[in-house]
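One chain is shown next in C-alpha cells, namely the form predicted alone.
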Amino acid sequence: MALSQSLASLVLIPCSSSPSSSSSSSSLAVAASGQTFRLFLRSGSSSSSSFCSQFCTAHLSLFSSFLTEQHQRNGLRSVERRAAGAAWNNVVVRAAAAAAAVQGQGESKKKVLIVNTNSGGHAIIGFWFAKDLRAAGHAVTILTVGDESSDKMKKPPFSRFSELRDLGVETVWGEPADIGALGLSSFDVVLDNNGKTLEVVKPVADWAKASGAKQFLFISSAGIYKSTDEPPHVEGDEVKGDAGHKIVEDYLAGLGFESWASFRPQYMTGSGNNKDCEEWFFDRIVRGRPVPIPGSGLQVTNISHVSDLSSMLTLAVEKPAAANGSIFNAVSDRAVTFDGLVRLCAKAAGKEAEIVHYDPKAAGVDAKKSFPFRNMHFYAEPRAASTKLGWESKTNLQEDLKARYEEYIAIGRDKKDIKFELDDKILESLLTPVSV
C-alpha cells in the first residue's frame, strides 16, 4: 500500500473514545497539550499497519505538535485528519518524505517530472501531485512554464512552492517547447499538466520518449465530452473530435510508451487553488447578498477536491500496467446541484443564503460571465479509476468547503471591495431590491 494511501486511513481520537468495530486494532498513543490521543489505522492489511506504526513512532513529535496546535485552535474533540486537509497534509507529507526509506524496501521508486501550467485552475494539480509523490517516496521535479520572477508566481500555488522544496522537490522554470535545452535529467514518468493542444504537448512527449521515459500522463479535460441525454459522462462516451485534448490523446496512444494515460478533470477545490470556485458563492453569502443562479438550480455538476485527483495520478504512477492506454475521469464520486452548492457554502460559512433564479436571456446577461459554471448538467463519474486502479474518493465536499471558507476568511477576502454589476443587473430584472 502506498504511503499516501496508508496515511489517508489514519484516525486520531481521544483515548476516552473507541474506534468503530470495523477499525483495525493497530493503534498508538500520542500525547498533545495535556491530552492523550490514540492513532488508529483503518486497514485490514497487516503490512500497512506495521509500516504506519513504524512511521508514526518515528514521528510522534510531528503528530504531537500538530495536535497541540489543533487543540489551541479548536479545543479537545474527536477529529479525523485525512491527507486532504491543508495543515494535516503539510505535517504528514513532511514527515513522510523524511521517512520514505522506511517504506522503500522492496518497492521501486521513480523519478517523476511534472510540467506544470503557470495559470488557471489546473496549476494546483501539479502542486498536490508533487506532495503525494514525495509522500510515497518518489523523486520529483516540477517544471513551471515561464520565469520564476513572473508576477504569476506571487499567487498560489506558486507562492507556496517553498513547501515543495522543503519536501525535497526540485522546482525549475522554463518553456516546454525548449524542454530539451533545459538540461533536465532523464525521468521514469512525465506528466504534462500544461498543454491543451498537440502543438504545445508534442515537444514534451517527443522529448520524454527520446530520453527514455517509460510512462507519460496527460491532464486533459472533461469539457471535451459531447452533451448527452444520459448523464453522467463516463469513459468511452463520445467526445468532440476536433478538441485539442482529444488530438493529444490520440497522438500519445501512438508514441509507444510502456504506459500512457489521460485524465479528464472538471471543477476543482482545494488549498492553493487560484481560480474561483466556491469563492464566488462565499463572496455573496458573507455580504448578505442574494445568490443568483441561472435556470432552476437543479443542474448537476461535480466539484472535486484536488487531493482526489492527485491520489488518482499517484496510483497510475504506481500501477503503470493497470493505467496503460486508459482515459480516466479525474473527478470525485459525488455530484451536487447548483442550489445544493449554495446551501453547502452557506453552511460552511455558518450563514443563511438567499437563492434567486433567473433566465439569463431575459436578464440580458451572458451566463458564462455571470456564473462560474456551465449552465447545464455537467457531471462525470470516475468509473475507470475505480475499476482499473482501485481508487476511491477520500474527501467530503462539506468538510472541504468549511476548510476553504477558513482560508477565505484568513486571507481577508470577506473584506475585499468587490463589484457586483452583473448581479445587480440580474436582480433589477427580477425587481429584487438589493440592500446597501
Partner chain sequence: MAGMSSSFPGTVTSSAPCVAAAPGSRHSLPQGAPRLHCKASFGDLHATFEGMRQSNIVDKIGKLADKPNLASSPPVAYQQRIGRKAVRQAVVMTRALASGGESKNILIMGGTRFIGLFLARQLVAAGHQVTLFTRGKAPVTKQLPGESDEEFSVYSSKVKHIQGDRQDFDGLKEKLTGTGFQIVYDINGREGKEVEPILDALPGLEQYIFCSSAGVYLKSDQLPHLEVDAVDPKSRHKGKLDTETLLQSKGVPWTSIRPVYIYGPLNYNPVEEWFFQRLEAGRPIPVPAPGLQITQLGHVKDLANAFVKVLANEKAYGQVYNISGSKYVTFDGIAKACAKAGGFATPEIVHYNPKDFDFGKKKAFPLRDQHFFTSIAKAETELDWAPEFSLVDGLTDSYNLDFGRGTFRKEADFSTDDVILEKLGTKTVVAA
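Bear in mind the structure is a predicted one, so any value in this text is a computation, not a measurement. Positions refer to the first chain, counted from 1.
What follows is about the form predicted in complex with its partner chain, which we do not show.
Residues of just one listed stretch (207-215, 222-230, 283-291, 179-187) have heavy atoms within 4.5 Å of its partner chain in the predicted bound form: 222-230.
Distance criterion of 4.5 Å from any heavy atom to its partner chain in the predicted bound form singles out R343 from the list R343, K351, K155, H357. The contact residue chosen from R160, K275, K347, R334 relative to its partner chain in the predicted bound form is R334, the criterion being a non-hydrogen atom within 4.5 angstroms. Not one of V115, V200 and W260 places a heavy atom within 4.5 Å of its partner chain in the predicted bound form.
In the predicted bound form, at least one heavy atom of R383 sits within 4.5 Å of a heavy atom of its partner chain. In the predicted bound form, its partner chain lies farther than 4.5 Å from every heavy atom of L255.
In the predicted bound form, no heavy atom of W391 sits within 4.5 Å of its partner chain. In the predicted bound form, at least one heavy atom of D237 sits within 4.5 Å of its partner chain. The partner is not shown here, but in the predicted bound form the stretch 386-410 reaches within 4.5 angstroms of its partner chain through a heavy atom at L397 alone.
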